Structures are given as C-alpha cells and as structure tokens.
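Heads up, the chain below is alone and in the form predicted on its own; it's given as structure tokens.
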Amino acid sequence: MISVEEAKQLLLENVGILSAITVEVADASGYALEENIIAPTDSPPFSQSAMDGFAVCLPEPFDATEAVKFMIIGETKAGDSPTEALLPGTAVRIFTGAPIPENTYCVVMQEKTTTINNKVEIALSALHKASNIRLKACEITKGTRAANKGMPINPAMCGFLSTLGITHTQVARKPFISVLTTGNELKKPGAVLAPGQIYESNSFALQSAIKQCGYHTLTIDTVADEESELMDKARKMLNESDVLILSGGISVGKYDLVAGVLQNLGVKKIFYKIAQKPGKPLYFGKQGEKLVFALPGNPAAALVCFYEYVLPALHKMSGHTRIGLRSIRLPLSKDFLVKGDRALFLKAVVEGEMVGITEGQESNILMSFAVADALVYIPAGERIISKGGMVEVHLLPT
C-alpha cells in the first residue's frame, strides 16, 4: 500500500499528452492550447475612443481658467476611416470604438459637454490628457506572446484570439472515456428491486462529474460479477477508449473479479491500494498508452477517487498545465478529531473564509457529498485539528 503522494507522483509519471488537433476558435473552449500563440497584429490595431463624446485639440494659446469652447468640424463612428488631423481649438463628435484623429488631446464623455450650434463647451476640469482613449496596442503588441501552450481555453480566450484575427488553433485532443460499473446487486433506477438489490448510481455520478469537468463519455455500461461478461465488455471498451473507468469489484472478495480480468487483458498495474480513506482499493494501470482506473464500488469513495486521481490524469492527457482540483488553505470552522492512521479526503463546505467538514463521511453516503463544495485533505499522521487550524482544501467544480 502506497501513500497519496506516491500514488499521485506515479500517476503523472505514467500519463502522456494526446495528439494535437486543429479546431476553430469558436469551438475551442474547454480545450488546452497545444501551441504558443504569437500576436499577428496589434490589439487594438489603432487608437480608439473608449466613450461617446468629443475628441478635442486644445486651442493655441491655451489660457482658459474655467471652460473651453471648441469648433465642431465633423463626426466619426466605429467602422469609419480616421478623420483628418484636428487643428487647435477644434473637435469631432466621436463614438465608442471610432478611430482617434491625429492631434487629439483627449476624449471628453458627452455627459460633461454642452453643445450650442456648432460649438461644444467643456469645463477645464474635464480635460485630462489622453483620457478615454484606448491606445494602439495597449492590450498586446504584434509579435509578442499572446498565450502559452497548456493554457486552458475559456470563452474569454476564444474572444481574445478572435480579436487578433485568429480563426483556428492547435489544441490537445480530449480523451475518449468509457465507464463500466460492476455488481450482481445493481439495478437501473426505475426498475423494481428484488430483495438484496440496490439502485446503481456510480455510472450516473461519474458521467455527470466527467461532463461537468469538460469531458465526455463514449460508452457507459453495467455488468454483473461474471468473469466472461466482464472480460468481453472491458476488452471492447479498452479497444475504443483512451481511458477506462471501472467501479466496483476491485477489493479482495470472491466476486471481486476486476483485477484478474485486467491482468488477463494485458493491463500493466502501476499501483493498487492507497493509504487513504475513502478509496483505499484504488487501482491504476495501463495497456500501452491507454489508462485504466478501477474505483471502489462505494459511491462517495468512487467520486473522491475520480476527483483526486482520474481528473488530474484527464487534465494531463488533454494538455493542461493546471492539473487537478484547485487547492487553497483555509481555517477549520470547528474542532475535528482524526480517526485511524490513513490520509483522509473529507467532504466539506466552504463557509466564508473558513471550511466546515460535513456530517456523513462514510464512503457509501452521497447525500453529504451532494451539498459539499470541497474536499479537505488531511495527510497521514495529523490526528487532532483544532478550530482555526489551517487545512488543505480542494475546491470541487461548480
């Protein structure tokens, strides 16, 4: 049995990045860049107005004490070609996004102006050099680094790349994922339960977690504890997928068949069993470059193992440099007594600037997981944590 830290190190050492693909920027959100982006143009490409108002050129000589009057010589709006240079004492009516005329001292928002006939009067206090002007290349200069390889692409990044005129970009391919839950006792929700049977929930929880994290399942299925059927379904899923996630059947009972089946399918075991609670009987292996995770059958344990081990693997496979759940440190909202000697992942709720550990920490309980927005990680060896003690908090996706 290995430690959490050893398991996570082995995990990342054995996960590679999938091949790069080219996608349209409009469809790139959720992927990670597989190339550095160099700005092909300045942004903005010209100096432009940040307000509706007047672009003005101070008169010469300039000796006003309270207000200045400017002759209005024209109008320019977004999409127009730049107007001719302003002469001293003149102004143009200008709208947000319009190009700034040469010799502009500043842009004054229309609310601070008074227009009479073809002149505009502006208080001296409203005239501030270069105010309300977005200077050419103030966001980024042509030829400089706009984004780094490995950065996750979000909607803002899609918009930013589009402002640079970029239509396509290279990203790391996302893995194809299959989920197989095992157990004679499992029935699909909606079916009539016979004595000794329970409703299957892990495939629904895992599928939802995979989707929430920006990935998609290729195949989802359930199989009884029958070796040949388990072998057939696992083989088919491995052939089709980059990642196979199994749930249940990975302990040491008579009907825990998963480890043996995976060995017969040529899966190389990287580790099995971690000194943690929940999720001790976690299995991670590889068939070539394909990844196999066998998660515990208890629902809360399966989800913890997904977030703490499977998700980092998915991130690395798809080229992300920000891997796994975001981690912060917060003080505990009340005393907590640690039982046992294993590392713990505890369902928790962030309460303002503190974190509270929920009731119902058993590995079979999902109800407390449903209200949790974080996992508190307690390393092995820490036994009593007092209120206000700082703990490591892994923030769950929302």
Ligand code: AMP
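Numbers follow the displayed sequence, beginning with 1. Treat the numbers as computed from the prediction; the structure is a model and nothing was measured.
From this point on, the text means the form predicted in complex with ligand AMP, which you will not see here.
Q: Could you confirm whether Thr181 comes within 4.5 Å of ligand AMP in the model of the complex, counting heavy atoms only?
A: Thr181: yes, in contact with ligand AMP in the model of the complex.
Q: Classify Gly279 as contacting or not contacting ligand AMP in the model of the complex by the rule of any non-hydrogen atom within 4.5 angstroms, answering yes or no.
A: Because no heavy atom of Gly279 falls inside 4.5 Å of ligand AMP in the model of the complex, the answer is no.
Q: May I ask you to check whether Leu186 falls inside a 4.5 Å heavy atom distance of ligand AMP in the model of the complex?
A: Contact with ligand AMP, yes.
Q: Quick one: is Ser201 in contact with ligand AMP in the model of the complex, heavy atoms, 4.5 Å cut-off?
A: Result yes; Ser201 sits at the interface with ligand AMP in the model of the complex.
Q: The chain here is shown without ligand AMP. Which stretch in 293 to 301, 237 to 245, 123 to 131, 106 to 114 comes within 4.5 angstroms of it in the model of the complex, by heavy atom distance?
A: Of the stretches listed, the one contacting the partner is 293 to 301.
Q: Go through Thr83, Gln207, Ser251, Gln170 and name the one with a heavy atom inside 4.5 Å of ligand AMP in the model of the complex.
A: Looking at the other structure, the residue within range turns out to be Ser251.
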